[in-house]
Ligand code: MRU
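To begin, one chain is listed below as structure tokens, in the form predicted on its own.
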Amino acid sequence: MAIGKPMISFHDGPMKIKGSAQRTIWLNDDGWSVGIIDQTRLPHRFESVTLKTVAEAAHAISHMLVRGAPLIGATAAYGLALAVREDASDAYLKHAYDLLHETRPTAINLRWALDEMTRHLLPLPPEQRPASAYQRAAEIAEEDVEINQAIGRHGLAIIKAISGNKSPGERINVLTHCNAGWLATVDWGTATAPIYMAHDAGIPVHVWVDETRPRNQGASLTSWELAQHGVPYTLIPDNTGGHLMQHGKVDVCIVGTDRTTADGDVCNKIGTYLKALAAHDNGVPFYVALPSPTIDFRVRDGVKEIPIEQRGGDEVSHMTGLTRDGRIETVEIAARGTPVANYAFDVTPSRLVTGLITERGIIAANGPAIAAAFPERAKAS
């Protein structure tokens, strides 16, 4: 992987870095290598990385240079394009599929994108595969942008309804967890798309941002991108949400998801389940922003059937930050040798979900509603 200066990917979307439009993944000017934002360097440094091989794409996913289910899917799609550029044979395509599939076990968009790419490529003769792979990967990226823009429009209706019940100028407080922003997608974000649209429409929206230990995606990513867009926010410790809800300081919770079952159970970053319980106990609406590729129609019971990724203990026992003299350093915060359990995700039962904000509207978190909204995906499963 080549690490370089920040590379701006210009487009007509809403997300900007210091006023310049930016996506999280793009094709470089050479027409084949893939640019990404190295999200492990944020918020203190903004750097891009160039991916030139499928192995580098797999490393970017497994080491979380890219993260978030939709962006993982788009990166995997481009990873297969890089693979067939190296070797367009059936054997190497299978090798690349397996290599990428093993990087992150929980986020279903990864498998969805790999299946989409292989279905598209296998019928073609090897000499036609590279060009076709890049075309399909670009389509998957564009589809993600369109899906998230539609999620934003439907979620905006929720925020507008809340605003209509408040005094003129009174702010709407949204609580979110982890990062389901444009950094987790190609553009717009899932949970943040309605927030950005509300802000751009002049609605006084404010976001309570969970820090989201242990990797601190809320603190390092959500806070950073909200600030870039000018959305008012306040960073809070993960355990503060329940207190805020008890005191009427949260109007709505909107979170993302890495995999949602056919019956509406939601798998998301660890700690989401606790937020849903607090929201239920305090009568706060709890919505999940859900792009349809994140639905796994082969799974019904999320608690029993979704594999929960367990990551290295150093993510819990160590923290990385910026020192006063400008150095980025990692320090140990637990006694050396402390045993650590690091479950990356949990499952929120569908009964705690007020509704799913999808590209086709807001639907109930149950099997019949999900199947009715996406009959072609339900049938294909």
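The structure presented is a predicted model; accordingly, all values stated were derived computationally and were not measured. For every residue, the number given is its place in the sequence shown, counted from 1.
From this point on, the text means the form predicted together with the ligand, which you will not see here.
Undergrad: Counting any heavy atom within 4.5 Å as contact, can you tell me which stretch out of 261-269, 124-132, 275-283, 92-100 lines the ligand in the predicted complex?
TA: Contact-bearing stretch, as computed: 261-269.
Undergrad: Tell me, yes or no, whether Thr75 is in contact with the ligand in the predicted complex, where a contact means a heavy atom of each within 4.5 Å.
TA: No, Thr75 sits far enough from the ligand in the predicted complex that none of its heavy atoms falls within 4.5 Å.
Undergrad: Can Ala69 be called a contact residue for the ligand in the predicted complex at 4.5 Å between heavy atoms?
TA: It does: once the ligand is placed as it appears in the predicted complex, Ala69 has a heavy atom within 4.5 Å of it.
Undergrad: I'd like to know if Pro194 sits close to the ligand in the predicted complex, meaning any non-hydrogen atom pair within 4.5 angstroms.
TA: Close contact is absent here: in the predicted complex, Pro194 is far from the ligand, nothing within 4.5 Å, heavy atoms only.
Undergrad: Is there a non-hydrogen atom of Ala334 within 4.5 angstroms of a non-hydrogen atom of the ligand in the predicted complex?
TA: Ala334: no, not in contact with the ligand in the predicted complex.
Undergrad: Just one of Ala184, Ala83, Ala113, Val174 has a heavy atom within 4.5 Å of the ligand in the predicted complex. Which one?
TA: Partner contact (heavy atom, 4.5 Å) among the options: Ala184.
Undergrad: Taking 4.5 Å between heavy atoms as the contact cutoff, choose which of Met319, Val340, Met64, Ala55 touches the ligand in the predicted complex.
TA: Contact residue from the list: Met64.
Undergrad: Which residues within 185-223 place at least one heavy atom within 4.5 Å of the ligand in the predicted complex?
TA: Residues within 4.5 Å: Thr185, Thr190, Gln217.
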